[in-house]
Structure formats: C-alpha cells, structure tokens
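Taking the form predicted alone, here's one chain by itself in structure tokens.
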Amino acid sequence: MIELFQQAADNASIKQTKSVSRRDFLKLTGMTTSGFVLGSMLSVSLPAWAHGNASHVGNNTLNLFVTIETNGRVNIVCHRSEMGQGIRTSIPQIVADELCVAWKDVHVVQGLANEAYGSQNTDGSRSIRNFYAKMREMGATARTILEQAAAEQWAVPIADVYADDSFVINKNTKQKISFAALAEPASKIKPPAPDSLIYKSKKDFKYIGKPIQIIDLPDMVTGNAIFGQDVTLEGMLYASIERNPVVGSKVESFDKAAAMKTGGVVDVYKMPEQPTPVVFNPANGVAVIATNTWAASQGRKALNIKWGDSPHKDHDSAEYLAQLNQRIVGKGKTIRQGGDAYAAMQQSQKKIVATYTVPYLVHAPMEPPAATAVFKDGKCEVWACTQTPQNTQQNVAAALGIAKENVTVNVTLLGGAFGRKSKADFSIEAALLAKYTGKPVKVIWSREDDIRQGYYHSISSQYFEAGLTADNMVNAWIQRTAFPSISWTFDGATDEPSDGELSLGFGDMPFNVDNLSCETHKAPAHIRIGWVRSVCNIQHAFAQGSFVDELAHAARVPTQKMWHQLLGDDRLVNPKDQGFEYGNYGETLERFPIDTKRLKNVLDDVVTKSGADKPTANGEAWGISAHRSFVSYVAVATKVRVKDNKVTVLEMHSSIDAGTVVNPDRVRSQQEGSMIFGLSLAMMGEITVKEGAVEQSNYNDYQVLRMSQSPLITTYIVESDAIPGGVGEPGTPPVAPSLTNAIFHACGKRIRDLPVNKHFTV
C-alpha cells in the first residue's frame, strides 16, 4: 500500500485530467500560438475540435483528437466517461502506441459534450471495440506527419526516419528531433490518406496489451479526484428533492411554510410535472433549496406532501411475479424456431422442466447521482457524473427551452454507474433549479433517493423445457421469457420484450438442438425500467446456465460435458437462420460471429485452471457456467461451502476471451468487479414493490457484498488476435448460475428463484 501511494505521488505531476471548454482547450494546447493539432477528419472535412452544431455528422464517426505542444506535452482528448473502468487510460494507450510518444509526455483532457465526437455514450461495453481501429489510425497519422516534418527538415526521404519515445530519429545519422521541436512545422503538413498509413505489428506494441496504471489513480488515492458530488462553485445553493413514491402520482399539496422554518432553507419549489412517457424526465416532486446539504434534507422532511392517484398504485412485485410464473408455462409468441420442438418433446424419453425468476434490481453505485448547474444569459453549464454527456446536453436544453449549443456539459469522474448515470434526470433537475434561482445549484441524491427513485432492472420469469432421448441426448428445447420492457420507459405502451432485449442471451441461444422454440409472453411495466450492468443477460444467463446444469444432472454427466454436447461441433451460429432478427450488440455477425469454439474454450480454460473438475471436501462443491455477451466470451467457476444452512463462497475464477486486450490490468479489474457485482445480485439483490412504491431504502435492506463475504477471486485472459470485444459487462452474467449450481452440488438444493438469501444464510 505504501508503494502504491508513492507511485501515485511520483506520477501525480505527469497525469492530470481536466474538463475544459473549447476556449480553454485552445489555450491549454497552444493552438493560439504554435502547436500541432491532429483531428480525425470527418466526411465534410470538419476537424474534431469544431464546436457548435454538428448534427450532420454520423453518430458512428470517431472524432477524438491529438495536440502536441511546443513544450513537448501531448494532449489526448478522451470523449468517454471514466467510472473506474480505466477508459481515460486505455484510449490514450492506443493513440500513444501508434504515435510513438513517451508515456510520461501524455496528458489526458476530458472531452465535453459535443456531437462532433460521435457517440459519447459510455455504456454497452463498446468504448474500445468501437474505437480501437480509429484510435490507431489517429496515432499513426500523427506519427506520419511528424516523421514527414523531420524528413523535410533533414532533406531526406520519409523512409529514412522513424519515431520513438517522443523523438523522430534519422536512421542513417542517428540524429533526432523532439516532437516539441516538430510541433510547429508539422502543423503545416497535410494529413496522409488513411489507406497509406503503416501500422505497428503486435510484437512492436509498447503500450497496447500492457498493464499501464490508470491515470486517475494518483488523485483517487490522495483524495483529490473530483466526482459529481465534489463540485463546488462560488455562491452555490444545495437542493434536496422529495419525489413521488409511485410512478405517475402528482403533487396535490405540500407545506412550504413548514419547510421554510428550517434554518438555512432559502426556497421551496414544485418541480415541473413529469410527462408521459417518463423517459429521462425528472420525477414529480418538490425541491427544498438551502445554503447547505443538511438544511435542504431537513427542510424536505417537513414538506408533508400529499400525493395524487396513479394507475400503478396497486403494483405488488410478489403478486406480479406469481402472475408471470403462471403465464410462462403456456405457449407464447415464437421469436425463433427450428424443427418442431413440441412434436419432438412428445417423443422424448425424458422431459426436464424448470422455471427461473429474478427480482427487480437496482444499480446502487457507491456514488449516488449528483449534478451542479449554472444558468445565465440564456446559457447553461452543467457538471455531472454522467455516462452520456450528449444525451444530458440534449435533454437539459429541451427542459430549459434553449438550443443545445447553449448547454455545456462537463464530465466529472463517476463513482460507479452500472447504467444509472446514463439517464439525464438528475442533471435536468439541477438545470431547472439553476434557472429558477438564478444561482449555481447542486442537486444531491441521497442513498435512499437512489434506491427508491431509480431505473430498475426488470423483474422476470424464464421457463425452460428439454426432451432427452434414450441415450440422454437433447432433441427438443423450449424456452420462454417474460419481463417488463425498457421500451415502456420510452413509449409508455410496450408490454412485451423487444428484439433488442431478446438479443441479450435469449434469442441468440447457441446450442445445436434440432428442435427449438424460443417464445415470449407479455409483461406490462409499472416502475421505471432501465439498463443495469449486463441488462437482460442477467436473467437469461442465470436461467440458461442453471438449466444446462440440471440437464447434466438428469443425464448423469459432468456439467462441462453437457455444455460441449449442447454446443456441438465448432461452428458459427446465426439466429437469423431460424427467424430471429438478432441485434448482436450493434455489430455485424461477419465482424463478431457467435463462435461456439470460443465459448467452449473459455469454459475449458476456467475449469482446468481453477480445478473445478477436482474432488472437494464434504459440503463443498464447484459450479460452472459460461455466456457470450457484448461480443465477448466469459466462463465462471465458483466454489462454495454449505454448512448449517449457510452458504460461504470460497473461490471464484473467471476466464474471458475479449479478443485483443488493450490494458490487461483493467480487464482483470473489470472481471473482478463483475464477479463482486454478480455475487451481490445473486446472493442478496432484490427490490420489492408494494402499493406501487419501492420498499428498500439503503444498503441495510438492499445489500451489496461485504468484504467478509468476498471470496478469493482469480481471473484469466485468453490470448487472442481477434477484434476487441466488450469487457465491462460480460463478466457478470455467468456468476449467478455458477453460484447456484455450486450450491446444488454441495447440498442438493436447487435454487431457481434469486436471490440466494431467500433460501440460505449468506
């Protein structure tokens, strides 16, 4: 630990991160004097640093940029949000490697919300997979320009020079010129055509594939990191908002006078009514505005709000799940079909049936949402721990009735997010209150607010049925799913899963079964539904991974063997061949196929390295599962002890094939975090709803894993030259089934309804 702090202190002066406006950026990077700026050029030759309306720019166009100052500092702008995954290190790593810059010279600048960057949505485990190639292109382009500038200065062919460690070197004379000295002449050189660039070979990578320390670590370990909760502005007011406990209910009355009696409270404001559909609009409620957080929260307690009626006031999660379970056993709407599953099922020698359920879940990041805003002269500036700065910019502008060009969004560090901070509601609240008061306002969400007023992972029911032949081969497979759709949050009407949601571990079922039927059932929504880390893969992987284990037990074969049997020969799976419009996480199947060989490989890898196929002590056992999500492949092996009705998780191992890995340290960290996150959900995660309102309020009744419950965690990375896949989310889905399978093998009790603490002490 001492060494870690010393490293942080030593590097503190090298890696600084700052949110800047365009004007400040010009000053920061020396564009007003003499510096070289490389922007990824758009189809209309718009440089990436262009500010203003760029609505004509395609959303998938990469617009990151590089500047080299005359003092030698290389500024790399990161347009994605940092929430612990290390993206502000990984993206610069890629650029810096092809640029051949010394890492000590790299300076990372956080990008503001700007359409010119292309997508800034830091979700879906796609930052590296979407931008890896473009980042290499940017680095290689910058390097080539610098080499050209040096070649011209020496009057030699460009083939006679090469870049290395922030210098361009003459191959013949060994003379060298620094990037700093070349910055000005390089700025006058026209960028080369992308197809003329020469890239490094993998063996020459200096940063890509290396465990480089994250740039934000010095500030994090010294307490200097700025998260959304840390922003302070001169004259700032603080707001705490009492929001409706039931979606759709409106404020009928409140006691403003009582709240105003609290010392420090300066005003009370009824928030604008939330329209339908709810989308990212703030909930109905009343804001208490004060000179400090304590006063705002205390004044809020005195509001005595009377809430109106809501069509969702009778929603009861227990009754709702019981209804889903009754519905799920009947034939549903077929979304993918092969052969005749029902006829084959009738001819089977043995039939295995199971229903699996997952409750509502919430993100519960360590840092609840927070945003600060200033409104002046028709313009608004926001500081927020947001995953989606462009979405925040657009929604704030719409709420204020101003052009989005008049909204500046500064992205702070995020103290965890898991999808919650991709919603703009908390930033809109700050902007509305800043406009109302005419002063800077920070909206603080308490832990209770975050858990009771979130966007929740859907409650769900999954039905699985398989038919076995006399020799225990699976010849028929029926699977059904039912859960309220995220689409309801956006349209207020959808009452069945969308193809996009069904593409997450359900319609892309990879097994080689001749007779297959994948079906859905209706499930209307009653609370705000949103994406949570791994989204629908959570329930689908739990059901699928558990059912494979049940089939293995029925067939009296090891679970690993059953996986191999079901996956069949190495092949590429195309769900479209059986009628399902598979989304594949926004990627083509040609670029990112469903490859059963890679799925089998991670499973075999984790079993071999963990020893999950070896004998254990009495009351102890291993459980395994595997899953493809976000175009990556992960397998998890979990070892548990079950004694005196208590489950103790002893070990967890994971193996990931995410293609080319930029920073293995970050990949391992993400895998470790995924296992902790997945264990928290599987063992204790449950949101219950009574009379339309969430019953949980804090970590005491919505528990996350404690250190005493955390097992030994080991991660493995499969070496691969494949295109980079996702990393942040794929590690979570196989966790729950590996855990419950282990519990079954340890004590014989099969858990089909999460969380585990409903059945055992954990």
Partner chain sequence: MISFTLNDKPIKVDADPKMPLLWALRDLLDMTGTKYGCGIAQCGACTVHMDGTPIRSCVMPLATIAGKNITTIEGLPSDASHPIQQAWLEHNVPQCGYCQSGQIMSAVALLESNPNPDDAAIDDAMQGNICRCGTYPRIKAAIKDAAKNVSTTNVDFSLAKNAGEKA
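Residue numbers count along the first chain shown, from 1. Since the model is a prediction, treat every value here as computed from it, not as a measurement.
Only in words, not in the display: the form predicted together with its partner chain, which the text now covers.
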311-319, 231-239, 170-178, 594-602: which one contacts its partner chain in the predicted bound form at 4.5 Å, heavy atom to heavy atom?
231-239
If we test each of Thr608, Gln578, Thr293, Thr355 for a heavy atom within 4.5 Å of its partner chain in the predicted bound form, the one that passes is Thr293
Residue (of Gly583, Pro185, Gly673, Gly338) lying close to its partner chain in the predicted bound form, criterion heavy atoms within 4.5 Å:
Gly673
Taking its partner chain as it sits in the predicted bound form, is Lys250 near enough to touch it, meaning that at least one heavy atom pair lies within 4.5 angstroms?
no
With a 4.5 Å heavy atom cut-off, would you call Glu448 a contact of its partner chain in the predicted bound form?
yes
Indicate whether its partner chain has at least one heavy atom within 4.5 Å of a heavy atom of Arg528 in the predicted bound form.
no
Contact label in the predicted bound form: Asp613 to its partner chain, heavy atom within 4.5 Å:
no
For a quick check, can you give me the residues of 315-347 that have a heavy atom within 4.5 Å of its partner chain in the predicted bound form?
none
